[in-house]
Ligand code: ATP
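What follows is a single chain, given as structure tokens, in the form predicted on its own.
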């Protein structure tokens, strides 16, 4: 059988339904209880062989609907997708150099793990291109080496991440939840947000899972889920970008069932009652002048998938 000439993988964004952050561990990471929820904003990562490059070496290109976001994607070895190809190449016998092309729809530097999603997609795509046959469990281990958020996009749906977020356990979810994501200009450094969190909460307790959140997901109850959304990093993000508080309040005033900063921000997530309500809420947020743009999505959705 002939090897494929290119492989494309579609991979979803995530929103954190609960991000409970503990004190700094001995290894420098924070202990987390992180409820990931995959939503229908997708990047597509296409890999093709490059015989002029060393095995695992990558050249990158990127396009997408938002030029300002595309311009912020690194095209060197600091890109997590390039690092994913290099890492996997050390574990499969027929690795080649690759061209990695990313078509971006996930907001960049927005707290929705777009870079981590691209790395997960690159693992799946390169393994298919190189016919590595790597078991999913091994891909999850390699993903965890790359970063705390890289493993989840491999499985998608909804899961709780413990440790530093990479130890995943699926959570049962009934039905579909509808979301609005409000985009703002500029980014927020994850490292700076965590540093501000440490300053604000030097006595942070060990993180825990919220039974009310788990029950709301299992029941498919959007109102109960909205009431249970929490993000321990939100006060730190608001301290660094106070205007995000106005955005969250605008969403609540427009009828959002729940509102929170997504991950380390600055994108903010709003839970809606239905797809129609999400469209109305998105329009109200755009009209409020508190954000640059909005996108709607639903979840949960599957993880990285070859298309």
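Positions refer to the first chain, counted from 1. Just so you know, these numbers come straight off a predicted model, no measurement behind them.
There is another form of the same protein, the form predicted in complex with ligand ATP; it is not shown, and what comes next is about it.
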Location of ligand ATP contact in the predicted complex, chosen stretch of 163-171, 115-123, 219-227, 134-142 [non-hydrogen atom, 4.5 Å] | 115-123
Residue 264: touches ligand ATP in the predicted complex, heavy atom cutoff 4.5 angstroms | yes
Tell me, yes or no, whether residue 101 is in contact with ligand ATP in the predicted complex, where a contact means a heavy atom of each within 4.5 Å.
-> no
Would residue 192 count as touching ligand ATP in the predicted complex under a 4.5 Å heavy atom rule?
-> no
Although ligand ATP is absent from this view, report whether residue 149 comes within 4.5 Å of it in the predicted complex, heavy atoms only.
-> yes
Counting non-hydrogen atoms within 4.5 angstroms of ligand ATP in the predicted complex, say which of 128, 80, 87, 105 makes the cut.
-> 80
